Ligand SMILES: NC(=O)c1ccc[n+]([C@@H]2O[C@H](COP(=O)([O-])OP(=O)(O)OC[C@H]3O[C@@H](n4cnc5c(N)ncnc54)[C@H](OP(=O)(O)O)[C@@H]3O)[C@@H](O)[C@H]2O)c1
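Before any questions on binding or motion, here is one chain by itself as structure tokens, the form predicted alone.
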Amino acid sequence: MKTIVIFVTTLDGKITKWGDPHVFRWSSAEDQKYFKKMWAESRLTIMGSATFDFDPVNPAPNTLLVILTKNLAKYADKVIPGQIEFSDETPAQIHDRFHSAGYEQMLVVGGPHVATSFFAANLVDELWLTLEPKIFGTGGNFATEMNLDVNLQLMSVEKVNERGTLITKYSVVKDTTAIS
């Protein structure tokens, strides 16, 4: 099963404006359209509870949204069988469960703690990163303060507007001798 992490970031690597998670619609219209399309096409989407709490969303029809949380009781009334579930599983357990269930792809959309945990578990196959031509100076990163050493290989890049917003796709290089 392919695991894809998807984020939008400034050129200085920030995913939140000045560290304020409540300022979240700062990306271009083109990025927002792209993200909505990816969201709608994904049969399986994973996010953390902090991301869900901030902007509760519903999955598209015929998709499953899994919210990772350590507090399952808090979300008992928000479960929608077959559409929204809450789990305290590790990234490896999530991956194994859905791989065994026949899913071919899993989209990890946030937040930083969840993305980092999937990278740390060596479960990420691709990183899809929109680069917005902005610099915030301060703000959150899509990877949290954890020692990681992830090598990436550019697969594609697309300029989507005149300002220079780039949608990039990288594969995770599992064998570091394959980096050229």
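What you see is a predicted model, and the numbers here were worked out from it, not measured in a lab. The first residue of the shown sequence is 1; numbering continues from there.
Keep in mind the form predicted together with this ligand is missing from the figure; the text below concerns it.
Visitor: Which one, 40, 50, 152, 57, lies within 4.5 Å of this ligand in the predicted bound form by heavy atoms?
Guide: Exactly one listed residue reaches within 4.5 Å, namely 50.
Visitor: Taking the shortest heavy atom distance, is residue 109 within 4.5 Å of this ligand in the predicted bound form?
Guide: So residue 109 counts as contacting this ligand.
Visitor: May I ask you to state whether residue 127 is within 4.5 Å of this ligand in the predicted bound form, using heavy atom distances?
Guide: Because no heavy atom of residue 127 falls inside 4.5 Å of this ligand in the predicted bound form, the answer is no.
Visitor: Examine residue 64 and determine whether its closest non-hydrogen atom to this ligand in the predicted bound form is within 4.5 angstroms.
Guide: Although this ligand is absent here, residue 64 would stay clear of it in the predicted bound form, with no heavy atoms inside 4.5 Å.
Visitor: Can you check whether residue 8 is within 4.5 Å of this ligand in the predicted bound form, heavy atom basis?
Guide: Yes.
Visitor: Could you list the residues in 56-72 that come within 4.5 Å of this ligand in the predicted bound form, counting only heavy atoms and keeping sequence order?
Guide: Counting only heavy atoms within 4.5 Å of this ligand in the predicted bound form, the contacting residues of 56-72 are 68, 69, 70, 71.
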